[in-house]
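Just one chain follows, in the form predicted alone, and it is written as structure tokens.
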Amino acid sequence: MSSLSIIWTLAQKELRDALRNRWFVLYTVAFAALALAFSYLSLAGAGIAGFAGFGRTAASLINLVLLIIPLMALTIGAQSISSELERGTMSYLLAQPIGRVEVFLGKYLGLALSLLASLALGFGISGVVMVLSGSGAADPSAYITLVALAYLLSLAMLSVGFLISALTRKASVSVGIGLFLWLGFVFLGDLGMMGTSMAMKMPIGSLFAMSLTNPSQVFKMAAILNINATLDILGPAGVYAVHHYGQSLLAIFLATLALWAVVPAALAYARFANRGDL
């Protein structure tokens, strides 16, 4: 069996396991249900069809993604390796004629596909609501870009979860660290940056650079920019970013999210490949 066949077989197993995970199913159902509710309420509240309705729906979906998707990705990523180490199944798996790189890529690909399925369900339902209401034709490219940004955020958080899982041996510890990081990324990001900038009197450029260290903040800025909203609502850092980087700003956000997806995953594999307890 070739390496690609092994990776795909392991990915299918991870995908099936994720779909049987009650917490993952709960997150997916919650995301889909809330996406449907927010889309309907936003369009109904707008009172008109077209781009205004799309903008209200997109703004609601941005906040929904920021709340649920990092939690989902961090949770399943944090359990990816540590849970099998704790049960002893990882040693059994590696006793087979399978390399560690194939195991790692198979697990990552399977969980990435499960996140894609979850996002497709939620955004698909929301898109159907907008099409039926007459708002979906406003700017389909902006909606597709929003979905792509949300998926990049999920991959970034999944990679962070994998890194946590590779550094620990107990699934409960991994999940606890993942939840702590979720709180930090989602709830303490804005407050932390505001407090730090006020206490240290940071220059605007440094404040913007600091915001790039939080993938949730990067997604939020990119998503707001994507729906043609002004970054003024993000304060001085947003104004600085628009005036300083101009048309290249979205590319900077995309590259930053891509780095957040690649670098932690690479570090997680380096740790997994060099573990001596397997």
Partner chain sequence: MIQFAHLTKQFGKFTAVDDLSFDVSPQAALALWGPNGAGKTTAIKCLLGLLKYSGHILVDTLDAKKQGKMVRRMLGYVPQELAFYADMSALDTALFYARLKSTSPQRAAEVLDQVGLAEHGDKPVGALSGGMKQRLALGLALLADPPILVLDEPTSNLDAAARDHFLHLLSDVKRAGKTVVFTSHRLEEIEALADNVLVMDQGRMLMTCAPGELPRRLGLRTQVKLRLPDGQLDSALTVLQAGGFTVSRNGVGVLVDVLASEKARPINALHDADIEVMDFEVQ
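Residue numbers count along the first chain shown, from 1. The shown structure was predicted, so the numbers you read here are calculated from the model rather than taken from an experiment.
A second form of this protein, the form predicted in complex with its partner chain, is not displayed here; the remarks below concern that form.
Undergrad: Just checking whether Lys170 would be counted as a contact of its partner chain in the model of the complex - the rule being heavy atoms within 4.5 angstroms.
TA: Judged by the heavy-atom cut-off of 4.5 Å, Lys170 is well away from its partner chain in the model of the complex.
Undergrad: Evaluate Leu257 for contact with its partner chain in the model of the complex, applying a 4.5 angstroms cut-off between non-hydrogen atoms, and reply yes or no.
TA: No, Leu257 sits far enough from its partner chain in the model of the complex that none of its heavy atoms falls within 4.5 Å.
Undergrad: Answer yes if any heavy atom of Gly99 is within 4.5 Å of a heavy atom of its partner chain in the model of the complex; otherwise answer no.
TA: Yes, Gly99 lies within 4.5 Å of its partner chain in the model of the complex.
Undergrad: Indicate whether its partner chain has at least one heavy atom within 4.5 Å of a heavy atom of Tyr92 in the model of the complex.
TA: Heavy-atom contact with its partner chain at 4.5 Å: present for Tyr92.
Undergrad: Among the candidate stretches 160-168, 71-79, 173-181, 100-108, which one is within 4.5 Å of its partner chain in the model of the complex when only heavy atoms are counted?
TA: Result for this chain: 100-108.
Undergrad: Going by its partner chain in the model of the complex, which residues of 17-32 come within 4.5 Å of it through any heavy atom?
TA: The stretch touches the partner through Arg20 alone.
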